[in-house]
Structures are given as C-alpha cells and as structure tokens.
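Shown below, as structure tokens, is a lone chain in the form predicted alone; questions about how it binds or moves come after it.
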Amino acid sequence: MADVSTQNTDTGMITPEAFKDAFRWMVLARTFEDKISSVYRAGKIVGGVYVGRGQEAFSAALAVQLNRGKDVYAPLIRDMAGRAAFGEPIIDAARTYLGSAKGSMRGRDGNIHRGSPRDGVPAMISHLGAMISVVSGMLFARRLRGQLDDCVGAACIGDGATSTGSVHEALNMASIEKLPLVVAIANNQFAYSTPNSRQFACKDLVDRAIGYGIEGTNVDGTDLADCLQGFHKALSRAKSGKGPQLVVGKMLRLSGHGEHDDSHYIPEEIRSSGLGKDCLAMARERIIAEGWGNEGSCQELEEKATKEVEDAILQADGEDPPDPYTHDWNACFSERFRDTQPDQ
C-alpha cells in the first residue's frame, strides 16, 4: 500500500488531508448512486443508470488533483466520484437524471451525457474512446492560443474502449504532439460481459503505452492511496512536458454493467479475489487505522452526504421538464448561452 503519511514533492507523497478529501467525494458519489438506483427501480428515471460502485477511488483520485476552470476533464458513466471532486454540484447530477429543465443539459439529453464545456467538462460521447480525441483537441486549441501553460487534460475510458480504433488514433496523435494528457483506464475486467481475455492479447493494458512512445503506470484501483500516488506522478509528468501518460487502474465493477444487469457472468473467484475489494470500505478502514479520523467522524460524513443527496433529489424531482412548445431549443453551449446558467 502506498505511503500517504507525509508530503514530498519529489516523490509525490500524498497527505492525509488529500486522502480524506478524496474519500469525502467517494462517500458522496456512492450515496448518490445508491439513491439514484432506488429511484430508477421506482420507475422515475428515463434511460439507464450506470453506477461506479467499486471504482470511486480511481475516479476521485484523478479529479481531486485537477483544477476546475483551468484543466480539462472528460469523465465517463462510472465517474460520479470524479465529477463531484472536480466541482459538479450534486443538484446538477440529480437534475440530469430526473430530466429537469434547470439541469446543465436543460433536460434534453440522456442522464449520463451531461457536461459543462465552459468549466472544462465536455459532455460525454457514448462512443467512449472518442473522448480522448475531444480532450486532445481542446488542449491543442489552447496551445494555438498560447493558453496551455501549466494546464493538463484528463480523459477517462474503460478497458472495453481500448479495443476501439478511436483510442488508437487519439493516442497516436496526442503522443506525436506531446500533449499534456492523462488517460485513465478503469480496467474493471469486463466490457459489459466480455472479459479481458476476449478483449486484448497483450499481458497487460499498460504495455500498450510503449507502442505510442508514452509512459504507463499500473495502480491498484481498490487502494485510494495508490491511485492518488499514481495520478500525482502522471499529472506532474504531463505538465512538465513529458507528453501523454497512461494510468491503468485494476479493480472489479461491484455491480452489473447497468442497474438492469445482474452481472451473472462474473465468476465467483474474481468476486472473492483482491480485485473485488470495496475501495470505499478500504479507504474508511485506512482513515480509522491511521488515526486520521474515527467511526464518529466517518459516520458524520456519511450522514451529511445522505442529507445532501436526499435534498437534491427531492428538489430536482419537483422541477419541470423542458416544455416542447415554449422551451428555447438552441444548443445549450452556443454563443447565446455561453455566459448564462439555468435558473437555480
């Protein structure tokens, strides 16, 4: 397990404060997605629900080290922890799931496609590997405008997306241009129901980095400290001009592909292995074991998250969807909407 007890800028050691900060977003994300899953089963959500249960450490560890308004962050469907850590208000997430016209997407798009380009969060494209090209394009545009100093872009994909051509094209271009890009690959062992053994023939996904002339790092996706350490190193190297960095987190998705899926195809031996450990429970145990908190402080954090989530969902559930006859259907992020926000 990585040492997070002291700060060391040379080695990228992580402070207890950074660990607890990431843990806070993990708790909020798990609480929100557990509640959203219940709302989905009650028939109040149109479309699917895809949660990040078991991937919160990998997600939060990246986003908590990014700067909203300066860096670019492209999360995916299981990155609720990262979205929250990067600054997305929980009310915005609730509004998107429940189709409120006051949400960031004005109630127009699928609940997982939300984003805020003005804040450096491009709305997700379902062709998952495409987001690497989107982030690379945003970084390259900033370079042309002379605005790339001390800026980094992060694109999140899953192990299944690495089998797509768009990932190869994007990584090839980003490596040639030496863009300050970090690609986070959440290897949760299954692309829907397709296991790693049917996705790639290389021994490890991180081995692909060398083919693009970039650096790759493996982290234990169940271990928050290891994730923080790995992303700290990758972000530092990307910002220092060393080009794109690949970070592969190994863990298991602790749910089905979506809430409609019972994940019967996951063998019990994988579930009971180290990959199947719950990163949230492990981080909580670490905080208590190290004396950075106690049962009471952790419970207080969980209760606060529950209150915040319940208030947000109650508020969003009472708001109206877009009216097809009176709603302004111009693009949400066109010129006329660029400097405006939906009514709160």
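Everything quoted here is computed from the prediction, not taken from an experiment. One rule holds for the numbers: they count along the sequence shown, beginning at 1.
Below, we turn to the form predicted together with another copy of the chain, even though it does not appear here.
Remark: Pro267 does not count among the residues lining another copy of the chain in the predicted complex, judged by a heavy atom distance of 4.5 Å or less. Of the heavy atoms in Ser240, none are within 4.5 Å of another copy of the chain in the predicted complex.
Looking at Arg198, you'd find a heavy atom of it within 4.5 angstroms of another copy of the chain in the predicted complex. Remark: Lys233 does not count among the residues lining another copy of the chain in the predicted complex, judged by a heavy atom distance of 4.5 Å or less. Only one of 167-175, 81-89, 220-228, 181-189 lies within 4.5 Å of another copy of the chain in the predicted complex by heavy atoms, and it is 167-175. Contact residues in stretch 205-226 (any heavy atom within 4.5 Å of another copy of the chain, taken in the predicted complex) are Asp207, Arg208, Ile210, Gly211, Tyr212, Gly213.
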